[in-house]
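The chain that follows stands alone, in the form predicted alone, written as structure tokens.
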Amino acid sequence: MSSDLSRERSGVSFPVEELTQFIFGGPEETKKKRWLLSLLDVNKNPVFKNEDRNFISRDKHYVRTLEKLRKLIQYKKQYNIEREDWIFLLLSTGESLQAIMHDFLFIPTLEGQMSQEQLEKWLPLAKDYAIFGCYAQTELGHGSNIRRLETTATYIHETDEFDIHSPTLTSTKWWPGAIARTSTHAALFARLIIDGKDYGVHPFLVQLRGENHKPLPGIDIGDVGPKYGYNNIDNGFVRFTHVRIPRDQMLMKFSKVSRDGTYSTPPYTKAAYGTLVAGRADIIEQTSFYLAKVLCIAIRYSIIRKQGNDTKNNPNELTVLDYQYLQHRLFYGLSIIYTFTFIGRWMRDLYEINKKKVEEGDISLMADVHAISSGLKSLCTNLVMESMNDTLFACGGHGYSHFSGIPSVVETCAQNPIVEGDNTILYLQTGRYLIKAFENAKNGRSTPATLSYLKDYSRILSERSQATTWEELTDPNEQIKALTHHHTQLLAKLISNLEKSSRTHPQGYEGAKSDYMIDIINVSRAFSYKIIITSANEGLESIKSTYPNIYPILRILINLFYSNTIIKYSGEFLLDNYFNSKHIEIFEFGIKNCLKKIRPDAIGLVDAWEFSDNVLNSAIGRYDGNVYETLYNWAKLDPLNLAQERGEYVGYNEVMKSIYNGDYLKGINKSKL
């Protein structure tokens, strides 16, 4: 064990066990999660080893992933593991698994959109893994614009079937995870056509493979090829040539087609896309987990790593974590982790409340949940990716190596700003929701409960901060008040500009919005910051009595996140005169004080997540701090180095030998240009 890490761990100001219990959800949940982690012990189950992952081919990595999945499914059935514990177990393997697509996209689609009769037939098969499914929505030519999807499902009266067809190259389903090799079925989104009339996009259950896993006739299916990351998952394409499915494989909880071809309309058209909202909630909830992995590696390494010294009289190099700027980079990441832990739980609770309401026929929260989850997913994933990339750079050359474990996490999470809705599109959708709410408030009409304060927008816009100290500026109520003012001010300015522009714009008010896309996105982002700070402060106060020893450090972290947000957008606050230059100076000084207070606790804040060395798969983020020996030993395992030890010098006989001895010039007539 590194003496540096031992010394750091002994100096943590709070009981790390208490923080672990907060992260895991309480003492009993902590006990259960530790038992779940024990199932992944590589000494008992070598299939879960990740150490050689950087050296195996893509096809072998895929098979290895399936081997892990088979063992996990065995555990799931053996111990009757429920949803939240199943998510934790999958995440704790250290890599993405195909079950994410099956259990958290395919099955929720069936549950949310199938009739009771359909569920009785198909859900047991899916939950038993007798069939394996994926979510097939995105096409080669269309992603976020669902309304323009081209795949068709034409009702055939004579046979009581739907004809599934890809009429163009761009209608090819493209990107669905686990479709290329793993899935037997797909929850497919296609245009419903009855007697030549287009009823828009609807979900269908389509079988992809038959005996011996062979693709069924009329189905052209394959892999989309190597990706930036996520390469153990078989993202693929599928193209249909007049594939018939029974009528009862249209998912008919909402929309229905009767035997005579009569179509009935759902009570709320967007209810059919609830799976995407669930996916966004999952992403928001899991951002903290992935960023915590990266920060765990970086902070441990930054304690081991020595560089430079502060005086000529001090021959010892300094621990790099003692440099203020590195603290600023890494500790801001810590503030994101713990602030987002609260917003993740808040978003999950809101989603579950809405889900229950929809099941009871109440759609009153649907628009709110869609808009809020869209904005939060966009902001959370953007901030996490920025922090991950900055953390990689903060680790220097060793961070760039796959042996650090950081690139693999970055590569996996790089998809998050794109999947379940492109962030730009989602911001714009949130913006439209905010514009409508403000217009309603301005004209005395009802507003969503989450935006009821807009009715008092005139008072909000007139307010200016009266705080004079750090304590007053970072008071939870002042934080919420400041960000409420900020997003309301941006929103009011946007509405004013839209009204002015619409008077001369050829397409009027709606057309004017295209000239203010940047402003709409900025408004959505500001609103999302407000939601995050509100939920984080409310969440922190709710656990104050349960976790009194970690409350102070969590308060510092939320204050740091908030203060960095103010500094980031200080120009807007200054232009609006909500804050003055003295306030900004206080925030800047306060941030530096936060870094000093967090420094002794940094190791505890990452150790509390209890990531195993196997899950991190990092030479520089090991719990024992044995960084440099591990880097050297892992490098020796590279197949090219092993070949050299066998006396095989790759590239020498093939190419370099001829360069060294000049053979490559034989027969070439030299001439001047």
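Counting begins at 1, following the sequence as shown. These numbers come from a predicted model, not from an experiment.
Another form exists, predicted in complex with a further copy of the same chain; not displayed. Remarks below refer to it.
Item to complete: Consider P167 of the chain shown here, and say whether it contacts a further copy of the same chain in the model of the complex, taking contact as heavy atoms within 4.5 Å.
Response: Because no heavy atom of P167 falls inside 4.5 Å of a further copy of the same chain in the model of the complex, the answer is no.
Item to complete: Please check if K214 has a heavy atom lying within 4.5 Å of any heavy atom of a further copy of the same chain in the model of the complex.
Response: Although a further copy of the same chain is absent here, K214 would touch it in the model of the complex, with heavy atoms inside 4.5 Å.
Worksheet item: At the 4.5 Å heavy atom threshold, is N614 in contact with a further copy of the same chain in the model of the complex?
Response: The answer is no: N614 has no heavy atom within 4.5 Å of a further copy of the same chain.
Worksheet item: With a 4.5 Å heavy atom cut-off, would you call T182 a contact of a further copy of the same chain in the model of the complex?
Response: Yes, contact at 4.5 Å.
Discussion item. Within 4.5 Å, heavy atoms only, which of I543, I353, L574, I363 is in contact with a further copy of the same chain in the model of the complex?
Written reply: It is L574 that has a heavy atom within 4.5 Å of the partner.
Discussion item. Using a 4.5 Å heavy atom cut-off, which residue among P476, P448, G112, P417 comes into contact with a further copy of the same chain in the model of the complex?
Written reply: When a further copy of the same chain is considered in the model of the complex, the option within 4.5 Å is P417.
Discussion item. Among the candidate stretches 353 to 361, 547 to 555, 136 to 144, 192 to 200, which one is within 4.5 Å of a further copy of the same chain in the model of the complex when only heavy atoms are counted?
Written reply: Contact criterion met by 136 to 144 only.
Discussion item. Please determine whether each residue of E17, Y155 and D368 possesses a non-hydrogen atom within 4.5 angstroms of a further copy of the same chain in the model of the complex.
Written reply: No, the whole trio is out of contact, none within 4.5 Å by any heavy atom.
Item to complete: Scan 580 to 597 and write down, in order along the chain, each residue with a heavy atom lying within 4.5 Å of a further copy of the same chain in the model of the complex.
Response: Stretch hits, in order: S581, I584, E588, K592, L595, K596.
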